[in-house]
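Starting off, we have a lone chain in the form predicted on its own, written out as structure tokens.
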């Protein structure tokens, strides 16, 4: 049974404050304990308000490294780029923002290049902040032909091509793997809406036998997972 603690909020504002507060606490704890912090933040629209609140925190940002949990294989200036979104918010504060992608590489080679980049940061990560899609994907671990590789690869990052491609971002991706995510000291899931809650509850119940990637991902977790949700 996956150990997960649900934190329910009545409003998006309360959810935003709680998620940003948790992220700040973990970063502060890592800075106090080890002198630096390495964290992975999600893309998409759901985390934007919490990211905007977090960037106001009085942290020693110059000692914080931020990477996306996943990114699209697009130029960094593209509107679909997750690292662009993170860099716009946190580079001005002095944080190091590490891209997973770079250059015009085929998807498999892009994954290998991302894995090599990740050798430059300390492991395990201090904090991984995950979202989830209505199809149960998390980071860019999607249902489809690359699911098993993303769940079983010993690497920290891998190139994937969702099938079908999501219409809002119909491009290949690079994602952190299951082993990279589950090695983190703290993992938080941030979702909204009744539909996603139903999917996540089912995924947690079914665990390794789940049809949803997030259930398969979390089946082997050895730590409690915090789930923050509002309707």
Ligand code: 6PG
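Nothing here was measured: the structure is a model prediction, and the numbers come from that model. Numbering follows the first chain given and starts at 1.
Form predicted together with this ligand: not shown, discussed below.
For this ligand in the predicted bound form, the listed stretch (26-34, 198-206, 64-72, 177-185) containing residues with heavy atoms inside 4.5 Å is 64-72. Proximity of residue 159 to this ligand in the predicted bound form: non-hydrogen atoms within 4.5 Å are absent; the residue sits far from the partner.
At a distance threshold of 4.5 angstroms between non-hydrogen atoms, residue 170 is out of contact with this ligand in the predicted bound form. This ligand in the predicted bound form is approached by residue 44, whose closest heavy atom lies within 4.5 angstroms of it.
Although the partner is absent here, residue 144 sits far enough away that none of its heavy atoms falls within 4.5 Å of this ligand in the predicted bound form. Only one of 125, 110, 132, 95 lies close to this ligand in the predicted bound form, with a heavy atom inside 4.5 Å, and it is 132.
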